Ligand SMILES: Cc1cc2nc3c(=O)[nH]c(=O)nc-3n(C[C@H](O)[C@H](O)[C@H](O)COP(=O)(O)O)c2cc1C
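Below, in structure tokens: the form predicted on its own, a single chain.
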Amino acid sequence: MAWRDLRALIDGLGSGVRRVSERFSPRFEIAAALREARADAPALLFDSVEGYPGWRVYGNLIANRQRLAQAFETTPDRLAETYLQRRQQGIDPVGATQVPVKDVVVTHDDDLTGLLPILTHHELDAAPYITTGVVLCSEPGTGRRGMGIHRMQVHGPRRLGLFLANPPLTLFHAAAEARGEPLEVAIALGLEPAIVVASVCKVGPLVPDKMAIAGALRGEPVPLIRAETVDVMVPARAEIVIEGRVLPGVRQHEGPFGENTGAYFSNESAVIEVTAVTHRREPLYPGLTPWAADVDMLLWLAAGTEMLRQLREHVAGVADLEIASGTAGFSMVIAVSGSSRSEVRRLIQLALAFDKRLKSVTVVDDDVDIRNPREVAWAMATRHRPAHDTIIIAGTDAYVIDPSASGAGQGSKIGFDATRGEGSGAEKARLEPAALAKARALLGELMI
């Protein structure tokens, strides 16, 4: 099953991790290295972080299917099916017997957030931002667990701006605020991929608790421990936990920040008052950078595979799905086998309706490699008839961070049918199979 500890995963990747001994600054430099790293490049572990002795920063860890498959102890070809099978189950968390996340406990410090090498990512970002913190809390009155990744700006020594755009945390915060009460939260950083992926997946009636989904993804319960200053259970093997309270009725301007769209975004956001920080010895800080390959893979596994499952339930012949790189989930390519033009049209409409983020869908035949932009472009150039095979839907709800819909609240969507249809369209020129296998073996050797 999946690796059950971040450090064990990093150690197990061996040559798949490049250790960087040169000193890098958390202000711009580490983020630049992570943004520029290719998906097929090694994961990066920065051993010398300027201004933060004893701390290390890692990134590009789950930037490709090969490493993400290793994290779940499966193969790239089986990754989507493995995830979908496991996430339908649930393994409830258990109380921890070992608690490395509390090796160091800091509750009395003038600058709690200054303890951490929080990255400043882009040239015009307003401040350092936490980008991969899993925010944990409980619903007021019911105790139902809330769990999700939300960006956080460092406002000051004990204050973080919290951008809340998705349920259930938006609902929990509204309920607490209606009572005039703060919402107690804990922000877990430096988590194994199973917990990170579970934190951004959609829950269903069978397994309503994301921490139980994380348990199923990792193959055993997630060990939890109560936080020091708030009534929230946190992963005992996290690298870092920030504790605090979301203040009722308080909003503060947050941003600009370079979002996953590759564009800047600002908001009037909630505010967390920090009460404590706990962390492991020689801690690892997660350096996930917006608009980088890590984000693409996280979106594909947590959202893309779920979309694939939904579409297969409604349309026969759906073979595979890919979220286009660098589009924050706004653009998708779907491969089909033997689908008619009318079925493809219905598929496009369904896909655009299922996910609020999605703005464009391209459907191709399964002889096209949907993970190769050159092949998708070929299908559009040779099989798509713009006047007949384009669907435009106007008056849709816009996703909050979509810069093209800023202030409007409404947007539009588009779909492209780039399939051959009923026997029409270009026949793809293919290489002879044995010659292709020999060529790939040669090129693979040259890449070593």
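Throughout, we count residues from 1 along the sequence that is shown. Every value quoted in this text rests on a predicted model; they were computed, and no experiment measured them.
Beyond the structure shown, there is the form predicted together with this ligand, which is absent from this document and is the topic of what follows.
Between 373-381, 316-324, 160-168, 82-90, the stretch whose residues reach within 4.5 angstroms of this ligand in the predicted complex through a non-hydrogen atom is 160-168. Comment: this ligand is not present in this chain, but in the predicted complex one of 147, 336, 189, 358 has a heavy atom within 4.5 Å of it, namely 147.
Of the residues given (218, 237, 279, 151), 151 alone sits with a heavy atom within 4.5 Å of this ligand in the predicted complex. Mapping the unseen interface onto this chain, residue 299 counts among the residues with a heavy atom inside 4.5 Å of this ligand in the predicted complex. Proximity of residue 194 to this ligand in the predicted complex falls outside the 4.5 Å heavy atom cutoff. At the 4.5 Å threshold, heavy atoms of residue 253 stay clear of this ligand in the predicted complex, well away from it.
Residue contact with this ligand in the predicted complex: residue 201 places a heavy atom within 4.5 Å of it. Contact check at 4.5 Å (heavy atoms) against this ligand in the predicted complex: all three of 210, 260 and 288 pass.
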